[in-house]
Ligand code: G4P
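A lone chain, given as structure tokens: the form predicted on its own.
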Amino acid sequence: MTTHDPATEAARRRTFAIISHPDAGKTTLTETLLLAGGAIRMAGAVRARGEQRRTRSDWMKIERERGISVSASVMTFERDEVVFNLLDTPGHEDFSEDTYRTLTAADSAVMVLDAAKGIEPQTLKLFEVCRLRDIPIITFINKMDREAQDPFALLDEVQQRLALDAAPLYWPAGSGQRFKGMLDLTRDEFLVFKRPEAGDPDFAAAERIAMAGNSVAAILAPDELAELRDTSELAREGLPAFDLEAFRGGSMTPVLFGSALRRFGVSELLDVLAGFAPAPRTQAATARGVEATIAPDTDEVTGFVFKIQANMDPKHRDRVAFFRVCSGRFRRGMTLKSSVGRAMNVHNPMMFMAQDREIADEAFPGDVIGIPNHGVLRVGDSLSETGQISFRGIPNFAPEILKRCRVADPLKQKHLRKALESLAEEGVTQLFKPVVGADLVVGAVGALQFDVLEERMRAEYGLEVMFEVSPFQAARWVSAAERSDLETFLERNKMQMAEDLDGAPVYLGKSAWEIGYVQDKNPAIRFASTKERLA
């Protein structure tokens, strides 16, 4: 039901990210959402005993081998005339930067909690990112078919540790082997949990039974029914009632229970996203150098690049920019301009279904399209028809691990530099070029990023690389109000100075203590642990 009107089309879009601690079931939930939305017909569960599960959103080799998500994927599907743009984020903390960038493109988030473990450290970190960006959060308490914590304890933890009012929309009956389903607190209907069996359709809506009649007694034993009535009444009276304004404002989270693996509660999660999650929102920007807001119904096509991915298709050395449309009706073949004046004709924009893709003839606010390009676009670039719109930049974070990188074959030194630059432009790692010396310094937030870098260098560029201990342990971007102060500092400290990918000066410290010491000695110099690339 495409109307071609940007305001109408934006209103039926829900662009959301999924955040969780590793192993909470995020990738399984992603797959089950796609099943529920009719985007895929078959669960990619276990192929054979001992093989890792391979889902649609995990396509990189290292992801298949380790069973983790390390790159963000975008998946678009439609259900009941609502268009869902699902942004799957890395769960591993070593890839928190990639997650942050992805969350800049989301209007809401689904927080997945393991029912047995509650809030884990990485969940807390990702939640803080959502809070920084005022992103409304829906909580999905997963793995109820396994032994779980008391639901009151789980919701109390959400309220205490996240300072969020937790408003349950459903209430579970038992957990583990005793899990029978959940009560819809709004409609007073019981949703029957049934473990899928061989031959069952891949996705079927849960059976609903009115609590007012006697039918529920066929599902729940008398003591189970009494417990459900008592605990759900306590939940209704003692926990906050759902308030749409509080949810949209970021102070309340609606809570659902379920099992992504058993495909229970997922259809209800989609209903909550469709009914309550915000449509694409107004975005802060700069227009012709003046602070402005860009509403989805603005006629001009605008948007920003939040991710670059190279070699998604191993048969073609492609490079795709993930572009979030913020306003207007994008049409294939349009010319868009960056805020630094580069114009590009977008001939073959793509819509994504994980690694599958198809040509997008048009796109609307909230949609994410892929723009093939050869190094023209970078993370943080803004594009618009006039080239006069610039959205708030996406920051780089100071790396926590620094290593020297060398190539086994010295004749391939130029290839090494080019490959490292290309992967740094994607945001896989950061690259620093010391002012003195030829060894390139690679920076990352976590050790696993180096494993991904090594794997991709071998698979995509045919390079065997070695990482060696760097004399530096910390990096900070440096700037000053007066150009002369900065130049004096750079000259005095050139043995520890480097440039990042944009040519910005970076001070490489032997320790965090040393950086603090140098900062105290040079009050005219600003040392920054983040850097926004405005484009």
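A quick note: this is a predicted structure, and the numbers were derived from the prediction, not measured. From 1 onward, residues are counted along the sequence shown.
Only in words, not in the display: the form predicted together with guanosine-5',3'-tetraphosphate, which the text now covers.
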Answer among 240 to 248, 289 to 297, 210 to 218, 253 to 261 for heavy atoms within 4.5 Å of guanosine-5',3'-tetraphosphate in the predicted bound form: the stretch 253 to 261
Consider the chain as shown here, without its partner, and state which of 331, 229, 146, 404 has a heavy atom within 4.5 Å of guanosine-5',3'-tetraphosphate in the predicted bound form.
-> 146
Taking 4.5 Å between heavy atoms as the contact cutoff, choose which of 142, 430, 85, 327 touches guanosine-5',3'-tetraphosphate in the predicted bound form.
-> 142
Distance check, residue 22 to guanosine-5',3'-tetraphosphate in the predicted bound form, heavy atom within 4.5 Å | yes
Using the partner position in the predicted bound form, report whether residue 28 sits within 4.5 Å of guanosine-5',3'-tetraphosphate, counting heavy atoms only.
-> yes
